[in-house]
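Two forms of the same protein chain are encoded below as structure tokens; each is given separately, as structure 1 and structure 2.
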Structure 1
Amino acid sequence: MELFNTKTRKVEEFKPLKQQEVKVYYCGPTVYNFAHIGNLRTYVFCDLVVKSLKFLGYNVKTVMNITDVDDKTIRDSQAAGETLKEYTEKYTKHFLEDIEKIWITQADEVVPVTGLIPEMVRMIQTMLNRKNAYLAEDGSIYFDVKSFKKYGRLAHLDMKGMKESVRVDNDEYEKDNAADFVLWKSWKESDGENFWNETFTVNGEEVVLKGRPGWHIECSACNMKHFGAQIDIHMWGCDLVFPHHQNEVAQTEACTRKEFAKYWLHSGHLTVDGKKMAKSANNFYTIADLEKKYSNIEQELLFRAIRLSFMNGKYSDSVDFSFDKIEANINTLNKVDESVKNLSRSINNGAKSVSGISRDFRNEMQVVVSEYMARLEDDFNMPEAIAEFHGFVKFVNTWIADKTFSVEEEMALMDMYETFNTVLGIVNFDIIEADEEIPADILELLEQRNAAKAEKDFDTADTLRDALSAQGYKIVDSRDGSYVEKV
């Protein structure tokens, strides 16, 4: 298996630190508002990486933080007149609901960082002891970038022109402003009741500092608590390479003196109709916005179409989102659903060919699986993996129509759909059960319609078809006969 490592800017063979368990960490949301589709695209990427690793046989453990204290959460909770805990728990709940809708599996550990204050204090104290951090006159503790010789390597910064004695206490800033960054932020009146009184030892003397953690130390402490000094893979979007991920490396390695993460994976941006997403451009969307726009579409189908839209591009590249693409993916998934239903009906009706699984069929399935796995092992190449899936759907449709498969082979094909879906998450097998539960009165109307059609009484046939449609069913005519399915 090969992947592109942001740290080296090279495609490398994946070799986990230990075969028993692959440790994977990804940054969680800052829960000050609803997640937008750009955020969700990145979480789909993280989900695909984890599911691909598990599919390929790795034992994976995952951790994700929830940033429930920072500049934004404090600012917006106060504006809303809510406590920080009330405010962030509300948006944490919304976030977890949103990712579930688009078939993202939660991390094994989802960790609110306000529960990590002791771990953060210990790490900051270690950095103070080793002279990687210092207490400034404003009562905040800063990381001394000059003390960490490898600073800038992950983000590929040129640190030669860095100004001396410059500090930054904002959570987010640009590369041009690279400087000593805050680990513990002294209390300001604007923080209100959001502070901790923690004891630090500075130059041999104990001091109690009223304040709160900086953003960057949160993920380092989360990793330290749940994974220890080293992890295999750290991932999120490319916008966090600097300063957040670069600062994570500095903090963690200053404390452990070991390589923090072996591999760094970063997804590209999500654009909307070729433009950067922004509220001012009226192209800023949440899941709730898409639900409202497509209220006439079955929600489960819409969520799968959204997920597929985020997957139709190499993860490291920018992916463009548009309503046209959502609608095209809805049509694509309707065809996939129809294929699954047809396969289920054929299994239930019994095979017309000889029983058993032929050698040719077995060989064909081995080729399908090996090709699919090869795409996943090629730096999680989802466009090509999805192309393999669509090729399989076409294969199934062609041979089902020709009644070529035995019932055992058809059951193996259904298993293959489930194999693909382990990673892709775009097939809904609940439609099979729903398709089988057709009320008796609906089936009677279908029989009457088929009888009218056979007698060439097309007016009556059309009337009965409309009656079925009014009750939420459509007629599907095939070479095996006609049947109804719920719309």
Structure 2
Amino acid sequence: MELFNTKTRKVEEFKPLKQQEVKVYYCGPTVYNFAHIGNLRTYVFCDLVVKSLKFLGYNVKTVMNITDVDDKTIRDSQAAGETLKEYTEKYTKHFLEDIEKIWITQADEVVPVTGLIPEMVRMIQTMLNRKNAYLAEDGSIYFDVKSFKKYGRLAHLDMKGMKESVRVDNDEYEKDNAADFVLWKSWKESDGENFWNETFTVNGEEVVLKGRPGWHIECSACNMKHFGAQIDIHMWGCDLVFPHHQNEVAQTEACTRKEFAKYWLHSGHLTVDGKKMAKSANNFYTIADLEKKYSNIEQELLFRAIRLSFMNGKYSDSVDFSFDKIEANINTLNKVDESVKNLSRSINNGAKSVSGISRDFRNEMQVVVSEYMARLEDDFNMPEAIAEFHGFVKFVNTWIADKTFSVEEEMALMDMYETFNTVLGIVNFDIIEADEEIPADILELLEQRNAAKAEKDFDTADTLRDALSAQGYKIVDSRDGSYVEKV
């Protein structure tokens, strides 16, 4: 397995710290509003990485934080007249509902960071003890960037020109403003009721500091609590390499003196007409917006089309979003559904001239699976993995039409669909059941029509066909007999 590591800017062979368990962390949402689909593209990327690793046989454990205290959550909860807890819980719920819709599996641990204050305080205290952090006049504690020799390596910063004792207390800032960053933010009036009184020991004296954590320490503490000093993979969108991930490295390694994450993976953005989708650019859509726009489409089909639109590009590149793409994906997935239904019908129709699984068939399937795995092992090459999948759909359609397979082989083909889908998540097997739920009275009419046809009573057969059609069912005549389909 090979992957591109942001830290080295190289494609590297993936060697987990321990073979048994791969520790994977990704930064979670700041729950101050609904997620837009740009945010969700990044979660689909994380989901594909995790599912690919599992599919390739790794035992993966995942942790994600929920940022439920920061400038934005405080600002917007106050504007809404709600407590921070009420407000962030509401948007956490919306977020978890949205990711479920597009088949993203929740992390094993989803951790709201307000539950991690003791862990954060402990880490900050260690940094104070080691002189990697200092208390400033304003009652905030800052990380001393100059004290950490490796600062800037992950983000490939040139630190030579950095001035001494320049500080930032914003959580987000540009590379040009690299400076000592805040670990514990002293209380300001605008924070209202949202603060903690925590005791720190500074130069041998205990001080109680009224304030709240900075954003970066949240992820360091979350990792420390759930994984310990080291993890295998840390990932998220490319915009977080600096300052957030760089600062996570500094904090954790200052405390542990061990390499924090072995591999760093970063995904590109979702763009609209080449411009990053963002709330500030007002070019964003939420899942609810798309549900409304496509209210005439089955929602689960729409969700799969949304998911697919994020996957058809190299994860590290930008992917452009458009309604045309969503519609093209809906068409593509309709064809996939048709293939799955045809296969299911053919299995249910039973009697075939051949039985068992032939050696050629077995060999062919092994080649398909190993080609697919090779694409995933190639730095999660989704466009090529999806191309393998479409090749498989074509293979199934061609040969099913020719009635080449035994029932056992057809069942193996259905298993192959499931195999592809453990990572891709774009096939919905529920459609098979829906397709098979034909009411008894409709089946009765079909039987009467088939009997009339067999007796060459074409007038009755046509009348019964019309009666079925009036009830929304179409008769499909195939070589293996006739069946009805809901129109």
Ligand code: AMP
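By convention here, residues take numbers in order along the sequence of structure 1, the first being 1. Only a predicted model underlies this, so the values are computations on that prediction, with no experimental measurement involved. In this text, the rigid core denotes the largest set of C-alpha atoms whose superposition between the two forms falls within 1.5 Å.
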Pair member that is the form predicted alone | 1
Is residue 445 among the residues whose Cα moves by 2 Å or more between structures 1 and 2 after superposition of the rigid core?
-> yes
Answer yes if the CA of residue 461 moves 2 Å or more between structures 1 and 2 after aligning the rigid core, and no otherwise.
-> yes
Residue 282: with the rigid core matched between structures 1 and 2, does its Cα shift 2 Å or more?
-> yes
